[in-house]
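Here you'll find one protein chain in two forms, each presented separately as C-alpha cells under the names structure 1 and structure 2.
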Structure 1
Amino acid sequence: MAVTEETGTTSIDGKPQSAWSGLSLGSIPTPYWIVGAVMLLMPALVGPFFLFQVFGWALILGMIALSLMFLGGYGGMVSLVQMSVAACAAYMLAIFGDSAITQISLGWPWWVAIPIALIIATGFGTLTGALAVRTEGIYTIMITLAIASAFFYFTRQNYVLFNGFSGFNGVKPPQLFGVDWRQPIPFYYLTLFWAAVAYLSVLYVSRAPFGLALQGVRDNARRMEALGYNVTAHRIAAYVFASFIAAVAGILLVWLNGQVSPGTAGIGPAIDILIIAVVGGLARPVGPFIGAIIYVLLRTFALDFMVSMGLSGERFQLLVGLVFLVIVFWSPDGILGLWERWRNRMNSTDPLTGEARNKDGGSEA
C-alpha cells in the first residue's frame, strides 16, 4: 500500500508531523463533544425500540454508506457494490458460524468465523474493485451495479452454499463477557463503537499520505501518474479499505436482523446505500450517518405519517424517491452542502474582499 516514500506531511517549521498532529483534546470543536455525549447517553434518553431499530440500524447503514462515501468522495469512484460486500460478510458469518440452517452452517467458534468472514468479504470487494478500476467515472457505477445484481441473483439461485431464496436465519452474536449482545443497550454500544472506529479511521486515512494521494488521483489521475504514483494500486487499496468497513458493518447487520437473505443485497438496497450517502453528503465522513438517520426515520415513520395525512402507506417509496430527487436536483452535495451554504450566507465575510456581508446575504445574490 505504501506506494510513496513519505511517511507524513511536514509542518511549516520543518518538524515531521503525523496525520493526527495538532490534535489535542482542546482542538476538538464543541459540536463534536456534544454529539459524542448525546450518543453515549442515548440509552438514558430513548427506549429500546429507538435504540435498536432506529439508531442501531442507522449506524450500520451509515457505516456501509461511509465506505461508499470514502470511495466516492475521496477516490471519485462511486461503487454500488458496498451493500453486496456487507451481505457477503453476513453470509460468510452464517455459513462458517452458527445459524438455524444447521445442514449448511459449519458452527465454528466466533473468533474463527468472524475473521474468515471479514477476509472473504474484503477479498470480494477487492476483486470487484480490481475489475471496476479498469474503467472510469460513470462506467464504474454501471459495472458495480451489474456486479451487485449478479451477486443478488447468484445467492438467490444457489442452494448448496447460500441456501437460495430464504437465506439464513437465527444468526446470533456470541455471548461474550456474560453479556447478551443482542439486547438493545449492549448492541447499541457495540454498533456505536464500531461506527466511531470506522468514522475515525476514515478521517485518519483521509489525512494520511495515502488518503491525500487518493484525493490527488481523484482530482487528476494523469498528473499523479506522472508524479510517480501507481494510480491503479491506490484505487484498489481504497477498495480494500472501504470493503473492510462494509464487511464489519455486514456482520453487525446480520446480528441486528438475525437473518440474511438475497433481499439484503438486492438492487433496491444497493441503491438505497447510494441514496443515503448522497442525501447526507459525499464531501465529509459524517454525511453518510446523517443520511442514514434520515433514511431510517423516513423508513420507520413515513408509513404512519402518510396514513395520518390521509394517504395510503404504500406510497412510501414515492416519498423517499421525491425527497432524494429534490435533494440531488437542488443540492448535489446533500444536506451537508445545504447546511454549509446556509451558514455561509448567514454569517461570514466575503471571501474576496474580507468585508462582512449584509445580513440578508446581498453579495450572494
Structure 2
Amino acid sequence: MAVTEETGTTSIDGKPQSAWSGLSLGSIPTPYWIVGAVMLLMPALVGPFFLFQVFGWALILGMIALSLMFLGGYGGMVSLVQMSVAACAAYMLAIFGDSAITQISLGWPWWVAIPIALIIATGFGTLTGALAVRTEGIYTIMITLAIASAFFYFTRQNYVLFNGFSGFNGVKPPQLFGVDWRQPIPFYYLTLFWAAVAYLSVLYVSRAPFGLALQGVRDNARRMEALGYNVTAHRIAAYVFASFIAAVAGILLVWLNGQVSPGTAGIGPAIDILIIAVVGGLARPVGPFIGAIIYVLLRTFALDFMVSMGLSGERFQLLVGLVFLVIVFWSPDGILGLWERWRNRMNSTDPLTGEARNKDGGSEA
C-alpha cells in the first residue's frame, strides 16, 4: 500500500483508492442500518428525560471521548486534556455570548461567539499538543493531565474572566428557525447530527492519506521520518482535528447543562473521558459512544439501585467503578473486544453441534 498526499488517495496493488473506498451504501452492514433507524426513531420510543439527560449527554461525552480515541487509537497519544478543551469552548461561548452573568458576558451574537469559542478552544488543544507530542507514553499522559489540572485551578481562582467557583449560568442555545433547541427532541436531534458528523469525520480521516500516515507514525515513527514524513507536524495536526471535535462537544455540553463551572473541567471528568474511551474500545470510532452510554446509564441509575438494595446512595461511584473494573479486567480492549471475541468464537464453531468449523464453513470431522 502506498499513500499519495497530492491526490488524497491510497494506492493498493497499483489501483488508486479514495478515503471512502469500501464505504458505499451497499457495503454498510445491516446492524448499522438498524442502529441508525433506532436512533432516528428514539423520540417515539422514550420520554423527554431519556432523550435529554441520557442520550443527549451520552452523545456529547461520546464525542469528547471520540477525540481522545482518535489521538490514542490512531496516533498512539493518550491525552487527558480533551475535557478541558471542551470546557474551554463552553467558557468562551459564555464569555463572548449571552449568560446570566451580564457583567462579564459580552453578549455578542451566536454567529460570532460560536466560531470564536471553537477557534480559541481548538487553539488551546493545539498548543497542548505541541507540548505533548515531544513526549511519549506515560509522559504524554502526565503532561496533558498537568495542563488539565492547571486549567481547572485557573478557572476556579480567576473571577475577572471566568467568574471563579460559580462559573456561568443561563447559557442557552439560539432559537433558530423558530425552534427552541434546548427542548428534549430538538436538542436530541442536534446532538445526534453532530455526533454523526464527528463519527463520519474520524472514519474518513482514518482512511485518508493523513490518517494512514498518522497510523504509520504510531507504529514506527522513525521509519516514517526516514520516508520523509514530518512526524511532529502529523501529531500536532492530529491534536488540531481532535480538539475541534472536543470543542464542538463543549458547545453542546454548555447548552445541555445551561451552565459551565470549574467542575466541568475537573480532574474527575478528565479521567472519566479516558474511562469511557477505554471501556468502549480504542480500536474503532464507535467504541467511545458505547462507553458513553454505559457510563451515563450507570451515573444516572446507580444511586437509585444502591438505595433500593439498602446500601448508602453516597457510594454510587463505587458501583460505577466496579463495573468498569470488571469490563476492563475481562477485556483490555473494552466492549468491542468482548464482541469481537464472541463473534470469532461463534464463527469458529457450529452453533448447533458445538463442533469446530473448517475454513469452508463445514464442521471438522
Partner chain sequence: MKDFMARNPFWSLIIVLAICFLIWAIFAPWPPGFVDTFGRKKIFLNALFNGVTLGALYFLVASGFTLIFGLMKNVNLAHGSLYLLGGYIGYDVANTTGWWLLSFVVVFVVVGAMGVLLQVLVFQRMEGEDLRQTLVTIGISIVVADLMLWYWGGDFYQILTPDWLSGPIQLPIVTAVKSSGEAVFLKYPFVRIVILVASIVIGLAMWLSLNKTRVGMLIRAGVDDRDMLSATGVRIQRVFVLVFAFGAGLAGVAGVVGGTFQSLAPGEDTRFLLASLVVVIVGGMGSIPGAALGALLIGLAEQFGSVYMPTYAVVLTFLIMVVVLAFRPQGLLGERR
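In this text, all values refer to a predicted model and were calculated from it rather than measured experimentally. Heads up, when I say rigid core I mean the largest set of C-alphas that superpose within 1.5 Å between the two forms. Residue positions are counted from 1 along structure 1's sequence.
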{"item": "Pair member which, unlike the other, is the form predicted together with the partner chain", "value": "1"}
{"item": "V38 C-alpha moves between structures 1 and 2 by 2 Å or more, core aligned", "value": "no"}
{"item": "Per-residue CA shift, V326 (Å; core superposed between structures 1 and 2)", "value": "2.4"}
